[in-house]
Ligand code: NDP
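There is one chain below, alone, in structure tokens, taken in the form predicted alone.
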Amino acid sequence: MTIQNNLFIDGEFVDSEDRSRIPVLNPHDNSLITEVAEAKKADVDRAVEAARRAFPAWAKLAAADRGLLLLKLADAIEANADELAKLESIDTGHPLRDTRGLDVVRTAVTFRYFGGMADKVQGSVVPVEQGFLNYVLREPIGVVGQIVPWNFPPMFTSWKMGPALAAGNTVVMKPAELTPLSTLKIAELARKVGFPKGVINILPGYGNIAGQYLAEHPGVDKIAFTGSTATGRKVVQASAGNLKRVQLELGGKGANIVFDDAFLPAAINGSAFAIFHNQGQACIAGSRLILHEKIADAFLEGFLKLARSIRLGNPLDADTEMGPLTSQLHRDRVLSYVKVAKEQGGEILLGGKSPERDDLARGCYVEPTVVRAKLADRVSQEEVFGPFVSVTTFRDDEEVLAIANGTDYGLGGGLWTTNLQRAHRIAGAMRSGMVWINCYKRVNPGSPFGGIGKSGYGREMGFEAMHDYTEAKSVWVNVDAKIPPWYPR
């Protein structure tokens, strides 16, 4: 396994200006994987300058040719899938079955989708008054700064980089300092398949230094950020200097509703996936389990039994179903919510601690945790971002909608019912950018992904993403209109 550990600027892997390094740890045992170069302001300047130089030629390149490079990158990712999956497992703690079966697959699929999309973004002709032709062009924005989180690094790299490049923009991307390795590997593959110098630039670094400066930078035309709501506010403030475009995909507190007519075996398994997949480290996680009072006991019996059976272990073990959280600091934050829940009268139904196993003692593990809590409790309102689900019950549709819409977040939510009329009615009334019916956490490159409220604005994926990475230019042509003088003489 080859590991890139330098910045990627202007088509080359280079050290940072001051040669500072960031340790990258394996969350399974907190052993050192490598040290990567730490980007600071001077390095951001270098990368933005490279992206600016590359932009005119890249924007003028035929859209089909830009798309072809993205298709080649997708092929290269698939050809290196095993190496990428193992790299992702040791860097993030994702079990190998997830990195092989979902993370790397989704990354290649997304690049391939936007490779095919590159030459299909069309303008329009507006029916205006007689004698004039008015057409609208979609043009690239310019240099795009992108900040990728640590929970699904390769997938988010493709979600952001794919549409930006397809639309003709150049990219300066900052992966999270905790998990930069897969993004750097993708940069290596992009160089091999022939992306021009300066089109892609990757800067591992800390958010309060490299991320802050990237958001402030006057040479950046748009900033796209995925992460916490608190940091999203800082990105907006930092972007104000040159009024750059901003796209935010922020936190969530997903409502996962189970009605009394739901098919319980599917609802139990799907609800466990909704919260425990990737150790609950997902903005769209079904972290609020809202059960109809008639089936609550039966559901919880099956749900707790399933949660107890989830196999924790080394992410590189093929039998592991749940790995460690991505860092010690985050593990401690998740566990702190157990204390918060108890202080507010919550009942710990399962978990609430690190596993008591010698082989996991040095890692960042947390057992699947289920807490009975009230709507107003902090664990029902704040994003825990771990294998931690709060449980409450409801009596009727009116009450469940009040509960589901009872937070400031609005990213994703789900519901389980065999009543089709109810399913559509409730989905329409949920204040959420995405709703899943009898499933959860389904994503596809063609389907828009994003939220409302404190979950941010703008959309990843689909035509909406391409529009978010382009500007609309309106062109008016006087074909044969007879315009009378405005100032007759």
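Keep in mind the model is a prediction, meaning the values are calculated, not measured. All residue numbers are counted from 1 along the displayed sequence.
Keep in mind that the form predicted together with this ligand is not shown, yet the notes after this line are about it.
Student: Going by heavy atom distances of 4.5 angstroms or less, which of R245, R191, K234, K294 would be at the interface with this ligand in the predicted complex?
Tutor: Of the listed residues, the single hit is K234.
Student: Counting any non-hydrogen atom inside 4.5 Å, which residue from K174, R288, H94, K185 sits next to this ligand in the predicted complex?
Tutor: Here the answer is residue option K174.
Student: Do all of F156, N208 and E249 end up near this ligand in the predicted complex, with near meaning a heavy atom within 4.5 Å?
Tutor: The answer is yes; F156, N208 and E249 each reach this ligand.
Student: Spot the stretch among 296-304, 360-368, 110-118, 377-385 with residues whose non-hydrogen atoms come within 4.5 Å of this ligand in the predicted complex.
Tutor: It is 377-385 that comes within 4.5 Å of the partner.
Student: Is P149 a contact residue for this ligand in the predicted complex, using a 4.5 Å heavy atom cut-off?
Tutor: Taking the distances in the predicted complex, the answer for P149 is yes, it comes within 4.5 Å of this ligand.
Student: Does at least one non-hydrogen atom of N405 fall within 4.5 angstroms of this ligand in the predicted complex?
Tutor: Because no heavy atom of N405 falls inside 4.5 Å of this ligand in the predicted complex, the answer is no.
Student: Answer with yes or no whether G352 is in contact with this ligand in the predicted complex, where contact means some heavy atom within 4.5 Å.
Tutor: G352: no contact with this ligand in the predicted complex.
Student: Does F225 reach this ligand in the predicted complex, with heavy atoms at most 4.5 Å apart?
Tutor: Although this ligand is absent here, F225 would touch it in the predicted complex, with heavy atoms inside 4.5 Å.
Student: Output the sequence-ordered list of residues from 332-352 with at least one heavy atom within 4.5 Å of this ligand in the predicted complex.
Tutor: Stretch hits: a single one, R333.
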